[in-house]
Ligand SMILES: NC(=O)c1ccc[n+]([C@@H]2O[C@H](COP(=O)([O-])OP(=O)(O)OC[C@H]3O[C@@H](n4cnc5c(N)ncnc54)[C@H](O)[C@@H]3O)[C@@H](O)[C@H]2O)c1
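The chain below stands alone and is given as structure tokens, in the form predicted alone.
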Amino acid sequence: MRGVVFDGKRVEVAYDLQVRDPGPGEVLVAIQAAGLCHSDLSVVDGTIPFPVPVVLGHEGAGVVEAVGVGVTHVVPGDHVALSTLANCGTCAECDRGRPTMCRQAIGRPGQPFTRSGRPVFQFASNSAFAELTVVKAVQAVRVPKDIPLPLAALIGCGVLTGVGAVLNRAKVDRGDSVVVIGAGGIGLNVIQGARIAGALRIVAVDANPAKEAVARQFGATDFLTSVEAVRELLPAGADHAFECVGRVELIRAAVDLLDRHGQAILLGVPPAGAEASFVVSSMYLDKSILGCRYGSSRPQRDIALYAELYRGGRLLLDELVTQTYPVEEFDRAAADAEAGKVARAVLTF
């Protein structure tokens, strides 16, 4: 079968991948579409260290092919969006409703694939850039069949992360002011999450002025090309500032832009080991710096919720998909994503 494999030096579309059958508590999914997220590219450039060889992709949707023993919530033929959260479901964090903090879901890459008889790693417990993949049952979330799978795919990462950061982690309230630094795939979902939450002022900041139209379409009330200009719009500062790029100077800017009791929420991924600084005394007005993993989401609940918000016209998905590419054109899709030409590139099988 086909799949996008990174061997530590180069990325190639392989045609000789194999995947094992699903075991107890697992689901075999035929991937139909998968979004190209910057996290995939960050594995390639080394920003996210990961063992190789690895099948990339983690924002996918498809059709259930087979289920293992004990799986009852999905059956063959169901349409599913995949989460990357292979949480155990039984630990204290899962029991508290914080599956993103499950220690069984972090740093335990499996090897369900083989190539020429050698094991190949699975990225983010998912590997959606393959025709078939095996995931834990908790990762497969049934979605209505009237939602096109290229759209359903985006819910599993970009939407969960961006909208979830607003609703679950920051808990943006009606009338709040929000600054979103970076209007890429994650930033656009933060913007529409703020709109759904009822924020009064949503300021999008991106160095690329071509992003203004789409940022406003998703809910931005203002658009700027530099963080320095934010104070002209919000002299007292913002209630919430989301950093969606992953640059330490922008993390510092997000902190500096806060009003009293403001929150800086970190979503961008800087290089491993990167450090950011801030003026400590500035934090004593009840300000906070919040990390956020995967939108602090509960995927079985949130993916179904966001699917219904889309069906009701409140969540934008069609507008996120700038272009689709056959999986064989991965290099072109990656180049377009790196150049900022697309909100989301989607690979199709």
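Please read these numbers as outputs of a predicted model, since none were measured by experiment. A residue's number is simply how far along the shown sequence it sits, counting from 1.
Just so it is clear, the following notes concern the form predicted together with the ligand, a form of the same protein that is not shown.
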| item | value |
| --- | --- |
| Heavy atom contact within 4.5 Å of the ligand in the model of the complex, the stretch among 137 to 145, 237 to 245, 86 to 94, 254 to 262 | 237 to 245 |
| Interface residue in the model of the complex among Val74, Val269, Leu233, Ala276, criterion: non-hydrogen atom within 4.5 angstroms of the ligand | Val269 |
| In the model of the complex, the one of Gly219, Pro150, Pro112, Gly182 near the ligand [non-hydrogen atom within 4.5 angstroms] | Gly182 |
| Any non-hydrogen atom of Cys37 within 4.5 angstroms of the ligand in the model of the complex | yes |
| Close approach of Cys157 to the ligand in the model of the complex, 4.5 Å, heavy atom | yes |
| The ligand contact at Ile106 in the model of the complex, heavy atom, 4.5 Å | no |
| Non-hydrogen atom contact Cys292 with the ligand in the model of the complex at 4.5 angstroms | yes |
| Partner contacts for 210 to 243, taking the ligand in the model of the complex and a 4.5 Å heavy atom cut-off | Lys211 |
